[in-house]
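Listed next as structure tokens is one chain, alone, in the form predicted alone.
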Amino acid sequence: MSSVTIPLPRQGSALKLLQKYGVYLAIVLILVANLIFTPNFFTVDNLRTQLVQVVPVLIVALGMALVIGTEGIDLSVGAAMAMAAAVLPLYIGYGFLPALLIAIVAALVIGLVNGALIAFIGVQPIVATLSLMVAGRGLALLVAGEQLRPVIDPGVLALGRGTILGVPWAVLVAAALVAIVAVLVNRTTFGKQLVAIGGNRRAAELAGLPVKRILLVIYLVCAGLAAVAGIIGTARLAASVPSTIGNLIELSAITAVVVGGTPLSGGQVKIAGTVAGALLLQIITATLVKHNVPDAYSQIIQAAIIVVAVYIQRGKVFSK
């Protein structure tokens, strides 16, 4: 009688599957749990609300994914959001589009300084962006006169509250940005160069890639995306509040990127995973709110998720 041997999956294979699909599995499990234990979670209004609330984190996470793909980090995204929020109401009298452009350009200054310090002077990304995290928000507060300013322009408010065919404008903007960044990363030479720099910066330099210019552009793009998130956040509040907008959003963005499969060591950029990571964080937060769990626990859970995700990426989850 012949015996049949059934091969078991290797630990390495299981780890790779967890690295690749873990965030999607987590979303499914939490949604199933909500279906069972959270009344009215799957109503149209609640799902629409969750999509709108995730938009700022998702947009910031797109820029963070590009930066992390180069083995960098950007802690100043909240300051870029605050700068855009501070400048927007000051120029709304010039018209909707000019005000938006000026607000984005103001935030780009933060990205320009970051990129210059990192690419041309050689300052470590965490040091450069930490400096701008503090100085940028302080400058935003000075620009705003350290006070809340109402925003009543219909065009701006539509970004945060308007819909088209039932779909919020903020969600449509986020979807468009996801598509653009995905094409940039996966279908352009710039995206391939970005990944090459994150994989081995020295080798990229020896291969003749314009490393410094690419790094500068990436930090500019990250600041620009943060500015868009700041404008949408301001539109949702109908007020410019640079003292609080974007606070700790860098934690959420980094968590979304890392959980989505982009390693902190650089060399990869997972846009679909980043979107899933942002959605996972929002679902977790919404679930905790629905069950009256204090917001502080949400922040603790985010920190724990970062640790677990990085641990998995390093391939140690199954090691003794």
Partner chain sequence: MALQRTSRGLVAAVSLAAAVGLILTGCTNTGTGSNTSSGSSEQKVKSSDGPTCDISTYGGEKIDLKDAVVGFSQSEKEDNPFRIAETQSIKDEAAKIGVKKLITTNAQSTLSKQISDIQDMISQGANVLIVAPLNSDGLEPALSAAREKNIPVITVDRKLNAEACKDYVSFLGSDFVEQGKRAADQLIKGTGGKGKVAILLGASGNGVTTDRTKGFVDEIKAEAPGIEIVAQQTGDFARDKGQSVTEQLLQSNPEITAIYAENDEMGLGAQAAIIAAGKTPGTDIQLYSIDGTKNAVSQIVAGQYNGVVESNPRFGPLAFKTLKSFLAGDAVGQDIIIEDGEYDADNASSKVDGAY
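Positions refer to the first chain, counted from 1. Please read all numbers here as calculations on a predicted model, not as lab measurements.
Below, we refer to the form predicted together with the partner chain, which is not included among the displayed structures.
Student: Which residue among 276, 251, 30, 286 has a heavy atom within 4.5 angstroms of the partner chain in the predicted bound form?
Tutor: When the partner chain is considered in the predicted bound form, the option within 4.5 Å is 286.
Student: Though the partner chain is not shown, can you say which of 186, 124, 200, 147 has a heavy atom within 4.5 Å of it in the predicted bound form?
Tutor: Checking each option against the partner chain in the predicted bound form, the one that comes within 4.5 Å is 147.
Student: Counting only heavy atoms and a 4.5 Å cutoff, which of 22-30, 65-73, 258-266, 49-57 contacts the partner chain in the predicted bound form?
Tutor: Looking at the other structure, the answer is 49-57.
Student: Is every one of 40, 43 and 106 within 4.5 Å of the partner chain in the predicted bound form, counting heavy atoms?
Tutor: Contact check passed for all of 40, 43 and 106.
Student: Is residue 158 part of the interface with the partner chain in the predicted bound form - any heavy atom within 4.5 Å?
Tutor: No, residue 158 is distant from the partner.
Student: Can you work out whether residue 131 and the partner chain are in contact in the predicted bound form, taking contact to mean some heavy atom pair no more than 4.5 Å apart?
Tutor: Judged by the heavy-atom cut-off of 4.5 Å, residue 131 is well away from the partner chain in the predicted bound form.
Student: According to a 4.5 angstroms non-hydrogen atom cut-off, is residue 208 in contact with the partner chain in the predicted bound form?
Tutor: Answer yes; at least one heavy atom of residue 208 falls within 4.5 Å of the partner chain in the predicted bound form.
Student: I'd like to know whether residue 293 contacts the partner chain in the predicted bound form, with contact meaning heavy atoms within 4.5 angstroms.
Tutor: So residue 293 counts as contacting the partner chain.
Student: Is any part of 178-197 within 4.5 angstroms of the partner chain in the predicted bound form by a non-hydrogen atom, and which residues would that be?
Tutor: Nothing in this stretch is in contact.
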